[in-house]
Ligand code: NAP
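Okay, here we've got a single chain as structure tokens, the form predicted alone, with questions on binding and movement later.
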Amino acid sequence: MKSGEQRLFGLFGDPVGHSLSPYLQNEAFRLLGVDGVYLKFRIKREELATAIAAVRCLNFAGVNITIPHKEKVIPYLDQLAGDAFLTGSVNTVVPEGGKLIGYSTDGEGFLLSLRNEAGVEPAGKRVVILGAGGAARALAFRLVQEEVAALDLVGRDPEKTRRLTAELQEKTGFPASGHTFASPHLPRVAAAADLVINATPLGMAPDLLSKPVFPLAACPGGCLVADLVYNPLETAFLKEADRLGLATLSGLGMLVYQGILACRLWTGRTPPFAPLYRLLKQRLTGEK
């Protein structure tokens, strides 16, 4: 439905070459009859301020933010709303009334995938999140709000992990535990886990063989292993979990759900899940 005033949307991150978001959003616009085009832009750290200024002067209708800018983008925005206000992580920018407002759809997108694809309710579960970046922050705060029983954060940078656990305690009162990937306590953490989530970029194409160093073999049989990486559909981390007989959840469902939520913020309309999921799975696997 071409109006002659096509709206511009984009993805800002580094890297972005692997991203399926343009396929997702452009198909969502087609399904909804929205006259828009969604493009991906590789934005280096030192270019972020200029890129956000471009959102204003080029009259973007909406932008997604991905690695490594989900936290660093905040100083260049006018306001935070919803989960972004609590978590300090932004993946969606909405221009509104002359202001740029930051939202996060990551946490809600993951919960929708967890419930609708894996049939798992997070309340009462013991959860391990690998990573301490923007996606890990979004999931940690959202899972605490869903009343998980315990939360262990495993990060590469001990200070960054400590800051995240301290923020969780300060803002929610929840006593999350922090660890490094070298911690001797990880087998004990794994043995008590109901849900392990890889929120690092390890395993993302083209680095297909990399994976977080975590003792999945120590996890109990009923543990679910999730990976936020969606390209490839089955990461090295998920392959290891599958070999061990553990249930797995790929990042594709979360990608689709968080994209649907972002599209709704930009357009006020909700595209359907099934055709978008099917399209992206075809792009990843080559299946017809």
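These figures come from a predicted structure and were not determined experimentally. All residue numbers are counted from 1 along the displayed sequence.
There is another form of this protein, the form predicted in complex with the named molecule, and it is not shown here; the text below is about that form.
Based on heavy atom distances of at most 4.5 Å to the named molecule in the model of the complex, which listed stretch, 155-163, 74-82, 171-179, 141-149, is the contact stretch? The contacting stretch is 155-163.
Q: Answer for Thr200 alone: is it within 4.5 Å of the named molecule in the model of the complex, judged on heavy atom distances?
A: Heavy-atom contact with the named molecule at 4.5 Å: present for Thr200.
Against the named molecule in the model of the complex, would Met204 count as a contact residue? Criterion: heavy atoms within 4.5 Å. Close contact exists here: in the model of the complex, Met204 approaches the named molecule to within 4.5 Å, heavy atoms only.
Does Leu195 reach the named molecule in the model of the complex if we count a contact as any heavy atom within 4.5 Å?
Result no; Leu195 lies far from the named molecule in the model of the complex.
Q) Could you tell me if Ala28 has a non-hydrogen atom within 4.5 Å of the named molecule in the model of the complex? A) Contact check for Ala28: no, nothing within 4.5 Å of the named molecule in the model of the complex.
message = Can you work out which of Val127, Ala135, Val93, Leu114 has a heavy atom no more than 4.5 Å from the named molecule in the model of the complex?
response = Looking at Val127, Ala135, Val93, Leu114 one by one, just Ala135 meets the 4.5 Å heavy-atom criterion.
Worksheet entry | Heavy atom within 4.5 Å of the named molecule in the model of the complex - the one residue of Cys223, Val229, Leu238, Val63 that qualifies | Residue within 4.5 Å of the partner: Val229.
Using heavy atoms and a 4.5 Å cut-off, decide whether Pro22, Leu261 and Thr267 all contact the named molecule in the model of the complex. No, the candidate spot makes no contact with the named molecule.
- request: Would you give me the residues of 252-281 that have any heavy atom within 4.5 Å of the named molecule in the model of the complex, in order from first to last?
  value: The stretch touches the partner through Met254, Leu255, Gln258.
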